[in-house]
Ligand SMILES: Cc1cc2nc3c(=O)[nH]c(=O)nc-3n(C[C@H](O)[C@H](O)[C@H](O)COP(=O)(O)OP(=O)(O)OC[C@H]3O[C@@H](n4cnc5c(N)ncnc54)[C@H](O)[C@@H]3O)c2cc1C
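Shown here is one chain on its own, the form predicted on its own, set out as structure tokens.
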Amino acid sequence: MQRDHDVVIVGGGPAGISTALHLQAVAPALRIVVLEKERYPREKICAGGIGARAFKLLEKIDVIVDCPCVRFDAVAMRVAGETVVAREPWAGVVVRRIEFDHAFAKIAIERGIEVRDGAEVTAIRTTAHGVTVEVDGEALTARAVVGADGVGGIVRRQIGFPRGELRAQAVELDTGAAPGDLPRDTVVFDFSTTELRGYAWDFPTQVAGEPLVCRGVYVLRDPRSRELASPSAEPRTRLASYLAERGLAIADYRTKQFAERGFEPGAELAAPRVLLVGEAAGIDIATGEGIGQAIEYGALAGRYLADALAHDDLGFTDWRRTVTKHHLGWQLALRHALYRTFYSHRRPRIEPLMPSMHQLFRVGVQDFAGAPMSKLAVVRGTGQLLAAYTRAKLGSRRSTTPA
């Protein structure tokens, strides 16, 4: 079969562009094309937080994404009536996806990678000899295809990957400052609504040069849970209540809603000649973090694809194992375990203990920032976790012991 390309990447967001850049860095002779359905600059609804770890990965291939952003040096968690703050210099930035994704794609184009925007894929066919991708009435042939097209992407649908159960919905808007806001160098995750299966957030942002705050609510949708049966559990209703507590009215702002797909341990991430990355493969369901992980998916996929193409080993049977063994995989697995534990019947016992586990929280922020994790903080955090677990177990036993 005459092939037009070695790799077709469907999706021109952070996962797709990161995969293309990292693959080119390892194997510059490969013919790569990125297909993006929308036209740049295109809006992408997202809170926009990116941990510095992602930028440190890009620096390794001499990539610096130049776009407006707000730097933050602290992450705060409101839980059990307390606010825990972990400070880490240059923990990350908050971007607008309409600006970040466009700037990222421009770098790929400047490096000679073919990036087609306004290119909607309508069909994908795989055979033992290659892949055919239908786009705008044209048939592109390739040795492999990468699905980087998000939560409802055509790659998953056409290849027949399961829909998956771990989903979340979020609704957000941008406001000015409000009483009680923390300093602008801090991003906030608010778990103080105990019946909410998710959290609210406040991220410092910048729109057309104006300093604003992106506020939103992230709500997990587990098909096994009936929590969202009542209208009061809908993300917009939750956000309205969150704003009202800060003297803001939701009707005064334009809301934006989006969905996300969570990483599920054991789920298939590949098929012969087809690889999934980024949100198409699954992101951190516990917090909804996606951009940094999408970039890390791309860094891992670039090296993996280069080796697979060099050896013509395109069954991709070990892609899931490769992800699982990598920092990305164990981070996703850990956060999935935290999601399963925290959003369960154990939450009433766990939540009051969380403020005491500030050292463990700090370790998580250091990992998010890509900073060397303090061994002392790890030891102390583990000790706090064990102490909290012991207190929870003792409390559980006392509550079940007859008087």
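Residue indices: 1-based, along the sequence shown. Values in this document were obtained by computation on a predicted structure and should not be read as measured data.
Beyond the structure shown, there is the form predicted in complex with this ligand, which is absent from this document and is the topic of what follows.
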Worksheet item: Using a 4.5 Å heavy atom cut-off, are 44, 201 and 279 all in contact with this ligand in the predicted complex?
Response: yes
Item to complete: Using the partner position in the predicted complex, report whether residue 365 sits within 4.5 Å of this ligand, counting heavy atoms only.
Response: no
Discussion item. I'd like to know whether residue 78 contacts this ligand in the predicted complex, with contact meaning heavy atoms within 4.5 angstroms.
Written reply: no
Worksheet item: Heavy atoms within 4.5 Å of this ligand in the predicted complex: does residue 154 have any?
Response: yes
Item to complete: Report yes if any heavy atom of residue 294 sits within 4.5 Å of a heavy atom of this ligand in the predicted complex; otherwise report no.
Response: yes
Fill in: Position in contact with this ligand when the complex is considered in the predicted complex, options 139, 259, 244, 310, heavy atoms within 4.5 Å
259
Worksheet item: this ligand isn't shown here, but in the predicted complex which of 349, 336, 37, 358 has a heavy atom within 4.5 Å of it?
Response: 37
Worksheet entry | Which of 84-92, 120-128, 326-334, 205-213 sits within 4.5 Å of this ligand in the predicted complex, heavy atom basis | 120-128
